[in-house]
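Below sits a lone chain in structure tokens, taken as the form predicted alone.
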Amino acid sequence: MKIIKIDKKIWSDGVEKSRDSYRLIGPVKDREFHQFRELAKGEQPDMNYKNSRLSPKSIAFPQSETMFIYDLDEKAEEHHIMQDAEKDYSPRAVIGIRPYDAKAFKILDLNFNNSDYQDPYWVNAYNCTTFISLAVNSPDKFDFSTSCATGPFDDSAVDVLLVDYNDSYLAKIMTDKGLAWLNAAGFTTKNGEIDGAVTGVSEAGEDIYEIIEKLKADAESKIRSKISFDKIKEKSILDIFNAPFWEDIAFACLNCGTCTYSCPTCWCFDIQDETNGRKGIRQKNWDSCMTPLFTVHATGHNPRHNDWERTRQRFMHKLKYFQDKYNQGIMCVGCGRCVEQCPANIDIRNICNQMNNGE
């Protein structure tokens, strides 16, 4: 692992230079909020953003994605035959993603890419993506990522971790993919060495590791929210499922789905056909376990007819079922989006602690 120091004065030029080899994605201000989207030529990622309204999971798991196209006109050469929709899986770099959002991609990968099933749309999109992450020096009040096996400086799921340090970015190179992007940006040579002809890039000294650890400790100390889920794993599913507190928890819930759509680890989707005349598409769309239609059977029966049952499903999946199946902690990275955006002020932190303590 190597750390290089990049002067902010040459940062924009390097990002633009990397465009020759990568499609670039980053946070961009859209009215009062930020969103992650592909950057137009000459457009830079906003490295001063706090958090995006929606998580960046749509980079590899789009809100709507066309899977197949078809033609029902019998005069067409390949009528009534599903054709793969055209895709672009050329290399791309996501610049400025927060460490906990990058960690969420690892969680999604457990579902979309495992020994039993590989979703080709997810796998191809994820594999062509390089994550240039930006550490969080000042976490907001909704952040509880340190309780979720990640944190503001977590480098376990990124290719490069950038640390904002005065007039420079400290770039911690974690993978060969990260090194390749830095090389494409002109910040390093192919073997990871510093090009002496490039002004503004230098190899960090030995003291830089201590500096980063101090910045990390300072950032983590600002996170006051904590959750505990150590006892949830030990409890039986039915004990928590039949707990008496679910109706009280869900009393204010509107079942609007804001929590699921803003969440970086929710992976539910639906598949629908849309036809216009004789031509049509089959597409995959985000779905939400919070809506009544989600579990309706073809017979019309709905096993989660009541709104509190749907609320229970969401939290059981994230905090219990996922733990039991994968044994890798909870299905949450502590970004706090659902807490901040819930119109009914339902707080996953309180519910997790309640499930853990059985109160």
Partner chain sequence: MTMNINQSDINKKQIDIINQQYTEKIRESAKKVLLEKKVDVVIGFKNGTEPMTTEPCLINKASDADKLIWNEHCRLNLANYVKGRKDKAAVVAKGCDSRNLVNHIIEHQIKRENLYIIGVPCNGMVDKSLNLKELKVEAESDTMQENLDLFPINRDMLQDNCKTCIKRNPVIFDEMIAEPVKEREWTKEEKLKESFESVNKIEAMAESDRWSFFNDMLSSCTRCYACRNACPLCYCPTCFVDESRPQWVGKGTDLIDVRTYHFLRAFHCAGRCTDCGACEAACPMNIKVRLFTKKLDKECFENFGWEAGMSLDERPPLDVYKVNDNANFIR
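Treat the numbers as computed from the prediction; the structure is a model and nothing was measured. Residue numbers count along the first chain shown, from 1.
Although not depicted, the form predicted in complex with its partner chain is the subject of the following passage.
Candidate stretches 158-166, 226-234, 112-120, 254-262, one within 4.5 Å of its partner chain in the model of the complex by heavy atom: That would be 254-262.
Within 4.5 Å, heavy atoms only, which of Q323, Q44, N306, Q63 is in contact with its partner chain in the model of the complex? After the contact test, the surviving option is Q63.
Could you tell me if N285 has a non-hydrogen atom within 4.5 Å of its partner chain in the model of the complex? Yes, N285 sits close enough to its partner chain in the model of the complex that at least one of its heavy atoms falls within 4.5 Å.
Should H297 be counted as a contact of its partner chain in the model of the complex, where contact means heavy atoms within 4.5 Å? Looking in the model of the complex, residue contacts with its partner chain do not include H297, since no heavy atom lies within 4.5 Å.
Can you check whether E340 is within 4.5 Å of its partner chain in the model of the complex, heavy atom basis? Residue-level check for E340: yes, a contact with its partner chain.
Would you please decide whether R31 lies within 4.5 angstroms of its partner chain in the model of the complex, comparing each non-hydrogen atom pair? Contact check for R31: yes, within 4.5 Å of its partner chain in the model of the complex.
Non-hydrogen atom within 4.5 angstroms of its partner chain in the model of the complex for each of L54, K141 and N350: Yes, because L54, K141 and N350 each have a heavy atom that approaches its partner chain to within 4.5 Å in the model of the complex.
For 1-22: residues with a non-hydrogen atom within 4.5 angstroms of its partner chain in the model of the complex? Going through 1-22 in order - heavy atoms within 4.5 Å of its partner chain in the model of the complex - there are no hits.
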